[in-house]
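One chain comes next, on its own, written as structure tokens: the form predicted alone.
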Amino acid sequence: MMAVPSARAAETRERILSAAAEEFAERGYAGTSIGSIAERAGIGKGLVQYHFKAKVDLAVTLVQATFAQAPFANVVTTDPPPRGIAAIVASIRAVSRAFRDTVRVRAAVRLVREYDIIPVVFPTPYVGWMAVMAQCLRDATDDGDIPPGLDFETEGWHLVATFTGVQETSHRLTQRQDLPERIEEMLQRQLRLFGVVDPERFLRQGSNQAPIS
């Protein structure tokens, strides 16, 4: 008997978070209110505030949950997991799909970008991903797929920074409709810059078109 209220509460909480994500993604932090979230969720303001006392609590929950999960946490779900250049390509494609197709990711990224108007300290984004990219480049060098001599940490930083610039430009110009194609162009350019041996061998693996769950 006790499981029914708990399940209902969990369902309501998720409903609120989904509505909040849509509001934050579309309107930003300043343009979103508890009232607009409640209206989108189809529930009363009091019920929203029962689960989340303030708008900032919703923002923190969304950001923390998003950056703790795949693809930002680089949780690998394939067996065997990709390595080196293959892992870089798979990771960047997965994150680009999340930016394009997952409203909670879009909301979290926008909230982090608006950190200066939100009264809370968010986790620093991307640093873990940069470290993973650096390790992938190190593995690729060990595997003989790129020549030695790269500064792995610097190149990992620039790889992630290049991605963030591409996705932001795609967002501004086409609402990320052209993001899959732009990401493939970016990958081709980056692999050539790294001196990858036969980059098409890695780019042929997988696709950037399928939606991410």
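All values reported here derive from a predicted model rather than from experimental measurement. So that there is no doubt, residue numbering starts at 1 and follows the sequence shown.
In what follows, reference is made to the form predicted in complex with a further copy of the same chain, a form of this protein that is not presented.
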Do Ala134 and a further copy of the same chain come within 4.5 Å of each other in the predicted complex, heavy atoms counted?
-> no
Please check if Trp129 has a heavy atom lying within 4.5 Å of any heavy atom of a further copy of the same chain in the predicted complex.
-> no
Does Arg138 make contact with a further copy of the same chain in the predicted complex, using a 4.5 Å heavy atom cut-off?
-> no
4.5 Å heavy atom contact, Thr164 to a further copy of the same chain in the predicted complex | yes
Does each of Val112, Leu173 and Glu185 have at least one heavy atom within 4.5 Å of a further copy of the same chain in the predicted complex?
-> yes
Heavy atoms within 4.5 Å of a further copy of the same chain in the predicted complex: which of the stretches 36-44, 60-68, 140-148, 22-30 has them?
-> 22-30
Could you run down 186-200 and flag each residue that has a heavy atom within 4.5 Å of a further copy of the same chain in the predicted complex?
-> Met186, Arg189, Arg192, Leu193
